[in-house]
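Laid out below as structure tokens are two forms of one and the same protein chain, each shown alone and named structure 1 and structure 2.
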Structure 1
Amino acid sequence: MLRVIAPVMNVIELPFRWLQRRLGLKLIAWVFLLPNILLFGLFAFLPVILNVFYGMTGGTDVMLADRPNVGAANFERLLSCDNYLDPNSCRDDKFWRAVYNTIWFVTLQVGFMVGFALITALVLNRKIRARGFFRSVFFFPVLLSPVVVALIWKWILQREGILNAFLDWLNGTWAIEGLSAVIVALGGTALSVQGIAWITDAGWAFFWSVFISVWAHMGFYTLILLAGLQAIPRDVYEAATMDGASAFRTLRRITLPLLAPTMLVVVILALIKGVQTFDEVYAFTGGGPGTATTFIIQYIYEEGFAGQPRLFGLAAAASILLALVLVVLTGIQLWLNRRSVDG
């Protein structure tokens, strides 16, 4: 590969030498920065400004010049509600359904994911055999693409899939009775295990969306937490053992407090990603049934790109609202890492 690159790099060097003679050592730094700054400017900062203009204009044209100014109408449409707790009373009920779905989803997904990631990291941090192997086992799904994740689980959960076959086989045993009792206790309806429609039933579709999302991303957070656990100095534990502290006390008084900063980073990171969930759930349920698993990014995608007419203004307004949430979350994240950033 170097044989291809080397001549190219040598050719670039000639104009560069000339530039360097003209500009001097201080300005040459800007030449190195230029491509990156251009890309950031064009595809990150300029879009932020354009987004505001889109949010303030209506119509279905892409060209900003052809779009009529509507002031805050898009925001008004999104935000006017008689009762903010009831999506049906809102002018754009789909938006509010997406908002509430996202809030519910993020709460459950981040809670379960961080919880299981912590348990897994604690187990992997013990003296166990084949630790590297098990670590990569939990990490493997992180690499899979969202569409592949969705299809793997769709195949398992389809009406004549292996999960229904398994439940069929267990039918009438105590396992099913017990599971059914748990679901009833949680406010669901009793399980009838004959060919459950996992993906077309609103409650189950939501449950499995959370499940596959936890399944797909848990390994990533496990890895970060494991790194945090391994950074805790050994001698603290040795001192605790000397003092005769029980395992429970060691965990509560040493491990968890020392892990707290890492936990906070993990939770914020998970929130930032959770709010932007789209890919795997869209490929899995398409947002349905109805709007049961429609999240905020899907709302933006459908208003601006998939639906007819294409309401770019509404999509932009919704993404500005989303951006506000992300700015706050990312701000917290940066504040948490501030020591590692200014290096």
Structure 2
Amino acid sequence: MLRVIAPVMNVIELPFRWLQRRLGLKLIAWVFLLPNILLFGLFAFLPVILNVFYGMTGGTDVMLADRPNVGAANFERLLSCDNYLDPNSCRDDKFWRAVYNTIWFVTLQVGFMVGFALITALVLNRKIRARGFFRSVFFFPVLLSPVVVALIWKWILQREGILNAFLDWLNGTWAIEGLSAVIVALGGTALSVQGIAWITDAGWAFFWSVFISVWAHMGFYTLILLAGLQAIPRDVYEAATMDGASAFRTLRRITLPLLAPTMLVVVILALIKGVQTFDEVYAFTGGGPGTATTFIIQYIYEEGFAGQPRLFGLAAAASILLALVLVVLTGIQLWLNRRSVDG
């Protein structure tokens, strides 16, 4: 095999040898990087630049040359509000409802996901039976397509789904009566033999959207935190044990401080992923009922591609505002981390 490949590789090597002699060792590296730079510029930088231009145009035409320049009109429409805490007072109330839903969703999703991922990583880092099996179990949902995840849970939670069937089977028992009392106390709807509209009730739909997102993505962040835990030197724990430190004190004084850089990475990734949530929730609820689970990415999609008329400029302006917010949040978190490290 090598006898066949070697002559071919020698022929391919000839022009690169010539280029290296002509350009030198420093410039020849750019020859190898050039294809990636061109692809990255074509599919990453160029769309960003075009998006900025689209954000300053109006009309419904697709071609940029056919669209009139409206300046900052799209941004003014999105940001015009008498009271930013009341979406009904905003010129584009749907945008602000999507913003509030996204903020509330990200707060709950990132908080619960990072917390559960940390607890899971701490448990899986210990010497327990079938540790490899449990690691794979927690990571398995990450391998599923977001649409598949949404359809599985939609099948479980629909009015004639598995969960309502199970609750109907439990109906009348002490367990279901106790659960109904807790739900009513929290302001929810009591469980009944007719089942609950998990998907068509606004409160339940939002709750399950958060739950499904945490369930589907927690394994990825658990894996990152687990790698961070395993990177902590063992001798640090041995020294703490010799000094008689308790498990809680070891966690608070050693594990969490040394895991802080990894935690920062996890929080930033989870935050960016949470803000960009679209496919799972869209396949699960379609943004409903009403606008209860409509998030900012769905707003951009509907304004630019699914709605009539297709307002490409408004969608582009919304995406630019979203990008700016993500850049600011990431910068703040990196600054806080650098400040804590520098003391």
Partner chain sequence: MARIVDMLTATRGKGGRLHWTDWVSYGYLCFGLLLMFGPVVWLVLSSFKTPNELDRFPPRFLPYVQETVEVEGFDDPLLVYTATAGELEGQRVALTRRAGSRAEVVVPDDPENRIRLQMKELEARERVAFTTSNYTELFERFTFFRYLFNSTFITVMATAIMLLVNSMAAFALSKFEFRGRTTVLLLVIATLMIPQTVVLVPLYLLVTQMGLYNSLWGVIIPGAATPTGVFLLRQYMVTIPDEILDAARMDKASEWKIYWRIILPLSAPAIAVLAILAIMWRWNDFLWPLIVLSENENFTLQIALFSFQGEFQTDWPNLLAMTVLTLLPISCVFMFLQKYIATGIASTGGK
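Throughout, rigid core stands for the largest set of C-alpha atoms superposing within 1.5 Å between the two forms. Not measured: the values here are computed from a predicted model. All residue numbers here refer to structure 1's sequence, counted from 1.
Of the two forms shown, the one predicted in complex with the partner chain is structure 1, not structure 2.
The Cα position of Val31 differs by 2 Å or more between structure 1 and structure 2 after fitting on the rigid core. Once both forms are fitted on their core, the CA shift for Leu321 between structure 1 and structure 2 remains under 2 Å. In this core superposition, Ile332 moves its Cα by 6.6 Å between structure 1 and structure 2. For Trp18, the Cα deviation between structure 1 and structure 2 after core superposition amounts to 8.1 Å.
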